[in-house]
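So this first bit is one chain, no partners, the form predicted alone, shown in structure tokens.
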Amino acid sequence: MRHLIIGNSAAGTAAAEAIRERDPAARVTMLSKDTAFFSRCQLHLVASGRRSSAKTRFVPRDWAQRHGIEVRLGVEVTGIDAHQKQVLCSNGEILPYDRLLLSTGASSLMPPIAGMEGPGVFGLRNLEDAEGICGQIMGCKNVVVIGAGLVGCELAEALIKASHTSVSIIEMAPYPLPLQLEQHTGARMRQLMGEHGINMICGDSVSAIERNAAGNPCAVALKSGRILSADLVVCAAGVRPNIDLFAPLGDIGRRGIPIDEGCRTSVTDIYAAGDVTESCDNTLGRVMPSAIWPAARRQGRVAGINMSGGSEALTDHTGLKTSAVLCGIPLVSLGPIFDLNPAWQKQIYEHTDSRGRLCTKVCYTQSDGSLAATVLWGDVSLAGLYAEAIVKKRSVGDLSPGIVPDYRLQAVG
């Protein structure tokens, strides 16, 4: 059996490992246009100069040899012939397959803003982006980050910690991390990032990137009329799935390649996993992307098992989990914080921990008492139990004593 995997990140490596576990004799080939294995979760550290590219590698040096995987890096697939079951590579090589996995990920979404194209403007999805930012950052006095999602916020903090002069974030929402935080914690994060030296501009958006006579960025114009000096701009305003290879072959959804619970696409013997896909999120019962590392690993493993003749399904699947540490504060966001039902009951519990830090739990419950969504600020020790309750649609009363409400906490809203 010939297995071909396009993409070498979380989903692709998980699939390769699962195939090898089930079929020691199978031929497994991995292709990637990337020239290295790297964790996208660490790109902000590379961009700020706080970590080398080599230290972002997430698999051992002997990973391919240990698992018997033929890995070809720096090779881009330019086309798929689903009838002949073969792929065309950028170097002219044609490779046959019996089963194919698309784990091609996603790319930075670059909005149609005047001045966006050209030198000095970067996304942040691959090592080239991060290394490009790092290579220019030392000569910059003013950096503007478009988008206060997790990527933008982590980058801004990393740049400040690296002692770069001025960093501004532009966000259309009224507070940073609008997909992960609600109003109470969002307002607190906006204040906290300001206290850490980040110029946080919310409720505004970029209308143009102005360039000087040499073609380099010199300023960012906002829709409010405000002008910010900018020597370098990073666009962290979202991603688009890399669906181009599959689009001529089969069904494309609203935001990716649709897959069933076995990670199969609409084309026989072609599977997909990771950021390129959309699948049913069990928390919402809605087809949507699951753009987090654990979900990609799980999808990759399910795909690999099924590609090698097994029978596995995505269960308790969700991408609505975020865990991060920003400005020294541990955060966990669980459930559809960005799509709250007005009928859900909201409760906020707060206490001061042994270090004098204010910890907050924001809980949303449905009419039957089941936990729908949660934001944990500071104290994230019980995040796993909350996550399980949300996915399993358990009532708050079913949780172990001391979960919600904790006896130490005082309800404040």
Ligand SMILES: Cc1cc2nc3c(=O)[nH]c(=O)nc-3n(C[C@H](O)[C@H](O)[C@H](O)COP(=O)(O)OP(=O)(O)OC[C@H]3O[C@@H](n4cnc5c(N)ncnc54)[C@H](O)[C@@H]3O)c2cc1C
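All values derive from a computational prediction rather than experimental measurement. Start at 1 with the first residue shown and count on from there.
The same protein has a further form, the form predicted in complex with the ligand, not shown here; the description that follows concerns it.
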query: Proximity of E388 to the ligand in the predicted complex, heavy atoms at 4.5 Å; finding: no
query: Distance check, V75 to the ligand in the predicted complex, heavy atom within 4.5 Å; finding: yes
query: Contact label in the predicted complex: A296 to the ligand, heavy atom within 4.5 Å; finding: yes
query: Exercise: L245 in contact with the ligand in the predicted complex, heavy atom 4.5 Å; finding: yes
query: Whether K33, A106 and A291 all lie within 4.5 angstroms of the ligand in the predicted complex by heavy atom; finding: yes
query: Listed range touching the ligand, judged in the predicted complex by heavy atoms within 4.5 Å, from 266-274, 305-313, 194-202, 279-287; finding: 266-274
query: Listed residue (R190, R301, R99, R125) with a non-hydrogen atom within 4.5 angstroms of the ligand in the predicted complex; finding: R125
query: The ligand: the contacting residue among V151, V332, L181, V71 in the predicted complex [heavy atom, 4.5 Å]; finding: V151
query: Residues within stretch 39-71 having a non-hydrogen atom within 4.5 Å of the ligand in the predicted complex; finding: R40, C41, L43
